[in-house]
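To begin, one chain is listed below as structure tokens, in the form predicted alone.
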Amino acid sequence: MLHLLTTISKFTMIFIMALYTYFSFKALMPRISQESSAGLYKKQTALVMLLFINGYIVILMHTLYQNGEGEASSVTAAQMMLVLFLAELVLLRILFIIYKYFYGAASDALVNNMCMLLAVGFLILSRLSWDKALRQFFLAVAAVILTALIPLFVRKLKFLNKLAYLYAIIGIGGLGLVAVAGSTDYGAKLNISLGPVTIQPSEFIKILFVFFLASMLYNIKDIRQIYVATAIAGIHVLLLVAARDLGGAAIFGVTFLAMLYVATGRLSLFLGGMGLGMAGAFVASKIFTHVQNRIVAWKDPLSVIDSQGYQVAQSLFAIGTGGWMGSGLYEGMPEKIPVVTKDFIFAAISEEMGGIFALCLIFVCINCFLMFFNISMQIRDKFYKLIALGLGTVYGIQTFLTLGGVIRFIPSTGVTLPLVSYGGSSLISTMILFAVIQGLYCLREDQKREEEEIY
């Protein structure tokens, strides 16, 4: 009976996710009316809730019967899981209320996508680890509280473009502290411990980095500004390299080049920067042992499956085992993948929820990326345009690095999947990113209303 329920739920979730993804791109079609797109967004909201409830029914049933029907430990565990489910459901509804009612001009598409990614993350973490699922929920609560007013600040504060050197000082100071005193995790210095709390500063500094570059490049008066921006951006990247955080260095470097190209229109600068970046990556592959191990695992994981290639090989086995339809929640073995709740969570999703579901998840991430760039193109103010472009690039590159490492398209970089992977710094920083974008979207809507009043 439980296997039958899992199988029905598996196919239902695939259908819901596919329908949600279809609505996401249909709403972006240029000829669709405002009324039609509003109807699609309402359907999306309902689909998020249906997917979440569907998945948790299976999780609750498996939790109840994991040690045998009627055993006290199973009943207690199921009750605790039910409380977590209800709390997460309420949190998702609060997110919808904050953006759809308190910020009437907010983007419904981005709200829905954010909640869908959060819902998928909650589901897979609840299936993988009760402790991490519970912790992720509390981190999400903290993120909602911290980000609730950010769209208002972005919309109302007019001096954000005057704080360039403050952003730079905080960013360089934070990355320098990690490079000197950070704890090493899988070969890279990423975290700073403050008592019981562990923070990954680069997750937050990448947002300040975008604000710094936008402040420096939105109004270029002479070539000196470009030199200064390049030098300070280079310090950020070099500090990340010194901490052996090459995934972070790639995100910062590509973001700088994208923003520099848009600000100056000079393709030669972008291509030259990419060339220097590739040369730096080659040098890093010769210097850092953990990078060499990841390259070996990327080239042929099966030949070193008992050492460097174990994680990548298990990821590929999981994805292949799941096939297009997936094995169903609790029917796979994602626990065999090291660090499955962080860097390789996409493999667990692919195994148990299926390749079709995983592809739809990728398309939802692409939809977010397109929305960020669409907002960037439509904002008149160059400072805000560059912020939207920079944050969109940060999101896109991070997603690409995560997925590329999981499917062996590129060597693993130790980067998490935004809003889905376990991790407080990643979750909170990504929700800050989405909140800033929502503030920019509200600014764009304000501009539209002003233009309509004039004409």
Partner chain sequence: MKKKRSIKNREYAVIAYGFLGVFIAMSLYFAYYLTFEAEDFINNPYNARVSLFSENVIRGDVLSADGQVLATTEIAADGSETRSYPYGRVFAHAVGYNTNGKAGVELDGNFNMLRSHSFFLTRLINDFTDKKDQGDSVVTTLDASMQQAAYNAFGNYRGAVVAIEPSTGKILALMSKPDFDPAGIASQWDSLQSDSESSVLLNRATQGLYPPGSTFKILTALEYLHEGGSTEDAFNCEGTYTENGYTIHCYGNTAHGEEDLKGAFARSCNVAFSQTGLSLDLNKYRTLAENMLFNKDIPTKISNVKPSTFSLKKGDDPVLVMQTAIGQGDTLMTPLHGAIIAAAIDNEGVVMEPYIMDKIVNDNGDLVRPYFGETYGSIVSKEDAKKLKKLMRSVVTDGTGSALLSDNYKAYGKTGSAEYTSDKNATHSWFVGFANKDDKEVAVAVIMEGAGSGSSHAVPVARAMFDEYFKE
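Keep in mind that this is a model prediction, so the values were computed, not measured. Residue numbers count along the first chain shown, from 1.
We do not show the form predicted in complex with the partner chain, though everything after this point is about it.
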Of the residues 85, 137, 363, 204, which one places a heavy atom within 4.5 Å of the partner chain in the predicted complex? 363
Heavy atom within 4.5 Å of the partner chain in the predicted complex: which of 160, 316, 110, 92 fits that? Just give me the one. 316
Answer for residue 385 alone: is it within 4.5 Å of the partner chain in the predicted complex, judged on heavy atom distances? yes
Should residue 277 be counted as a contact of the partner chain in the predicted complex, where contact means heavy atoms within 4.5 Å? no
Quick check on residue 377: any heavy atom within 4.5 Å of the partner chain in the predicted complex? yes
Contact label in the predicted complex: residue 261 to the partner chain, heavy atom within 4.5 Å: yes
Heavy atom contact within 4.5 Å of the partner chain in the predicted complex, the stretch among 102 to 110, 351 to 359, 284 to 292, 147 to 155: 351 to 359
Taking 320, 346 and 373 as the candidate spot, are all three within 4.5 angstroms of the partner chain in the predicted complex by heavy atoms? yes
Residues in 393 to 427 that come within 4.5 Å of the partner chain in the predicted complex by at least one heavy atom, in order, are 393, 396, 397, 399, 400, 403, 404, 407, 408, 409
